[in-house]
Ligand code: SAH
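Have a look below at one chain only, the form predicted alone, in structure tokens format.
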Amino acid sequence: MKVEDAPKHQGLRRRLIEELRQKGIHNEQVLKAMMEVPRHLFFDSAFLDFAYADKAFPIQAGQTISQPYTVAFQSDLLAAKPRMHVLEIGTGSGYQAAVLSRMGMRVWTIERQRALYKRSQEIFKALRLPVKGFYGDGYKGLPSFAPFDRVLVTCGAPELPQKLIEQMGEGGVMVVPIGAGSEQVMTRIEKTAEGEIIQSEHGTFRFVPMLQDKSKAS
């Protein structure tokens, strides 16, 4: 895969970053990473004109690449620091994982759609990002690599995923959109050193549903 990042793309990214600032994103670590990740590489070439619009966009397997504002919002809410171990549920296009990696996190990400898993692996390799991708069921997490400092869920969970809470370390944080309907509530879960769970809500968003106990696409 060839990486092309022309001045035109960089200019469009700068405009997008300013738009995100105007919408209330002020975490410079997040904005810097989003400026450095060429979002157009995560799009089919026929849809490059949509790459830097602050909108979600359909991708393969009935999934979407999240709206840049949502990526920035979740990344900010995660409050992760460089070198922290982060588990992402729902690789999708790979864009969110790429942003976290550029922020200095050690990222493990799971995707249940094989086509998306393979495509994201190609992009990570082309961008030389040390993201560890897995093809599997996100509901189960990656217990053999736990505990994680942070867990980020990029699909709508009908309820709080207990198996993922179990894989959080002491002082860990999970950001997960919760809701069984067309909208979910962005929820932040903190796990104290004593194992207590502290939950807070941060507005409504729209995500594709998190699938459980269903056969994966080939």
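In this text, all values refer to a predicted model and were calculated from it rather than measured experimentally. One rule holds for the numbers: they count along the sequence shown, beginning at 1.
Note that the form predicted in complex with the named molecule isn't included here; everything after this is about it.
Of the heavy atoms in residue 139, some are within 4.5 Å of the named molecule in the predicted complex.
In the predicted complex, no heavy atom of residue 186 sits within 4.5 Å of the named molecule. When the named molecule is considered in the predicted complex, residue 101 lies well away from it, no heavy atom lying within 4.5 Å. Contact check for residue 209: a heavy atom falls within 4.5 Å of the named molecule in the predicted complex.
In summary, the region of this chain contacting the named molecule in the predicted complex, judged by heavy atoms within 4.5 Å and restricted to 172-180, 25-33, 188-196, 63-71, corresponds to 63-71. Residues of 78-103 placing a heavy atom within 4.5 Å of the named molecule in the predicted complex, in sequence order: 88, 89, 90, 91, 92, 93, 94, 95, 96.
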